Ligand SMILES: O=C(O)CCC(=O)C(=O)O
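One chain follows as structure tokens, the form predicted on its own.
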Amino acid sequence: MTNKVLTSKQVSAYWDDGYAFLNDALTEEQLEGLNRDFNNWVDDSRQHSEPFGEILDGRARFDLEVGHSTYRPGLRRVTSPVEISDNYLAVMRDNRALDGVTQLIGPDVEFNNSKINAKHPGSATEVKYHQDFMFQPHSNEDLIAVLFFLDDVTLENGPLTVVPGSHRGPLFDHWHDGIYTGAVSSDVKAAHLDHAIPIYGPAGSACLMHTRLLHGSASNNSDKPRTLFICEYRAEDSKPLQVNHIPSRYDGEVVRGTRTNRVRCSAYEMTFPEVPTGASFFVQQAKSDE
């Protein structure tokens, strides 16, 4: 039987605001293992001057920010770490936040994809405002991104910022002038920015975020890192309508409940997203600056 880790108030907050915050989503042992593997990848990145490694579709697994060097490594993205780390795979398959996911969209839940987004001290990397669902059309919108905090997240080190309630509003176009930018327009951002709030907390906690929630994050202006392991899950009856933008051999693995072989559909419209060809979605979002 699944543990009920979310209170009724947290469940209501998720549906009203589009997110729920969970303390102690990771055990100390899980957190230590995830950080150990990530730090090893950072050390390995010192030997490289451009994105490296390879995921299932041939794209680079490890993405480097502008200014990366041997002495100041800027590893900003690890794509699908569950394929190269027993620690990340084990956490993906079993964690307290996943119990919360089943309370919200369960009891039958599949793995969708995973990644690490990192902002090193002084990093200029920012995440422009977007909605995750616009990267990954499914038959319904019961998808949840679990953002595990691998470091203490503060107001200064580039925390996630969300627009509460925006998941109940429209799906905003991420195509502009024929280019898929992976971000909303400047007008949409301006209309919502005053309502955005930061999500911060101690290492080991997690934010459970609705796939339609409008969110972004600023650069890291502190001397402390901000690293997130982002693990996305979907209701078992939510079927992908396009190739997974973060492919994994574990895509579709049932991590809670059973496989029902059913599909459930909701009514919405969107233009299919661009299938990425770069090392990460940061490449797509950079197009909005061109």
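Model, not experiment: these values are computed from the prediction. In this text, residue numbers run from 1 along the sequence as written.
Not pictured, yet referred to below: the form predicted together with this ligand.
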Is there a heavy atom of R226 lying 4.5 Å or less from a heavy atom of this ligand in the predicted complex?
yes
Is there a non-hydrogen atom of L26 within 4.5 angstroms of a non-hydrogen atom of this ligand in the predicted complex?
no
Going by a heavy atom distance of 4.5 Å, is D99 a contact of this ligand in the predicted complex?
no
Interface membership of H167, this ligand in the predicted complex, 4.5 Å heavy atom rule:
no
State the residue from S217, N87, S205, S80 whose non-hydrogen atoms include one within 4.5 Å of this ligand in the predicted complex.
S217
Students should find that, of L160, M92, L75, I105, the residue having a non-hydrogen atom no more than 4.5 angstroms from this ligand in the predicted complex is L160
Tell me which of 185-193, 116-124, 67-75, 169-177 has residues with heavy atoms within 4.5 angstroms of this ligand in the predicted complex?
116-124
Which residues, if any, of 130-154 lie within 4.5 Å of this ligand in the predicted complex when only heavy atoms count?
H130, D132, L147
